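First, one chain by itself in structure tokens, the form predicted alone.
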Amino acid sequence: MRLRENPHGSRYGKTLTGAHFIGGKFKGENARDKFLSLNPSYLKDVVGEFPVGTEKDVEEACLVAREAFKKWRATPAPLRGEIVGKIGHLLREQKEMLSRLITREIGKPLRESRGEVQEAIDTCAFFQSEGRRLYGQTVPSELRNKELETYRRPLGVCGFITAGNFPFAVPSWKIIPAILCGNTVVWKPSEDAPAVAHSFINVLRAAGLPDGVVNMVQGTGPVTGAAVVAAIDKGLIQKISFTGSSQVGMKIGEVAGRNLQIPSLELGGKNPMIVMDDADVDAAVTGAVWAAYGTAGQRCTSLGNLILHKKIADKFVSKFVKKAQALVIGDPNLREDISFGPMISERFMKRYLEHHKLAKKVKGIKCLLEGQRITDKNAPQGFAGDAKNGLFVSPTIYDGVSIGDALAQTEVFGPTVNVIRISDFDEAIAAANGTKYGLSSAIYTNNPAIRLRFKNEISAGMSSINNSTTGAEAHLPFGGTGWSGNGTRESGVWVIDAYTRWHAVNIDDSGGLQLAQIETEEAAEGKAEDLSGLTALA
């Protein structure tokens, strides 16, 4: 690892010459094929330069992880938990530094970056104690002098491919429980946040994690990510976990399926929020603004379809537009009161700007706010930053959308929301369940009967009542249904099922061969009865 002066972005920090991390060593600094990480708030600021990992790099990391697995799986789980606890302690010590790096590299407001590091800290706190609770069971046998037991066993080498919008929290969701359960890791972080990944690895090293337990191969999705997926077919990876688009997730699922593996797939969303006519409108508007525009709408749980009861729709939309217009957009490295910063990458910005074409294909849709790329000429009031050299956009609101419209069906991954108007709860729940996605959802209502129906009828992995679609706690399961995931879950005790297999053991101390189901003794002898009369009832 080397740091050098950064002439175009000196106010942001130095430039990192990054590398892969394999077997406890940084490698590949002098690789021929490299990519740059640029600060999306100020593209002249080069955060770092990193090698593009090859198939050979991935294979080396897998083989190192396989060798490390032999010793790591034999390390008592409580001791593995102690290392997880040290990781959490170091994260707490370095929270501010790590938060500022996240803000610099992906443009997230500082308070959100701090929350992301805190989520990783919470994850460590939770799983440290799970090292003393990787429970199996003792089960009574139907035979004498025989015991039955079950154990959780680690799977082996886990391959992780993570996204850039939560470059610290999401890797912690995967890496921490995986190593706690005794697995080893080959991690391909997002090309949008390689410096954050580098800092994560340094924390793991400082906590005393043995060499080879966690390995990182930097690179791009089409090259390095594809090599990680290909390693499944080669028998080098026993578990794959992916956070990203539904389309890529489906391809990974195909590879895992033909190898009889269960992948963990945390994918996209087109998340609905219902606001009923009895709701607290002001509270719902605040929740909707946060859900739609937090992180510039670049969350898998961001609000996509805002489903409003007709009785309160006009009032709600008026307040919603005013709050959206009042958002402070700009460089979060310069000011802490920024509502949302830039798009993480140019490809996300391009997709966001192009989504306006979907609205123009349908008559009757009204554009209340048309999000555009922010320039020096159209910068909104309060804008802070260098518009010319940043990836900044303004928010979008479309009204009069129907759930069948492409606009309501397509994940945009940007600060945009569609207003769908409904007459009753039946229409609302049909609209909320009307996409192929099923990640997050929300409803604002004070009616207990509607709350109950919503909980029972919504097709989503996560739901909020009188709160936004975003926000996850480290001890609740995270994941979705349909195009949002394959039923596996991140976080909490539920994720342990993703990184262990059950092992059933029977111990026979009878001194001979006992055959279950065949030689089982009767617990009690029944009395002989004449049952012939039962035939008359047939």
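The first residue of the shown sequence is 1; numbering continues from there. Remember, it's a predicted structure, so these values are computed and weren't measured experimentally.
Just so it is clear, the following notes concern the form predicted together with a small molecule, a form of the same protein that is not shown.
- Out of the listed residues R347, R111, R258, K357, R347 is the one that sits within 4.5 Å of the small molecule in the predicted complex by at least one heavy atom.
- Only one of N165, T103, N305, Q128 lies close to the small molecule in the predicted complex, with a heavy atom inside 4.5 Å, and it is N165.
- Contact between R453 and the small molecule in the predicted complex is not found at the 4.5 Å heavy atom cutoff.
- Heavy atoms of E191 reach within 4.5 Å of the small molecule in the predicted complex, making it an interface residue.
- Taking the partner from elsewhere, F478 is found to have a heavy atom lying within 4.5 Å of the small molecule in the predicted complex.
- Among heavy atoms of T243, some come within 4.5 Å of the small molecule in the predicted complex.
- Contact annotation: the small molecule lies within 4.5 Å of heavy atoms from the stretch 216-224 in the predicted complex, the single such stretch among 463-471, 424-432, 216-224, 366-374.
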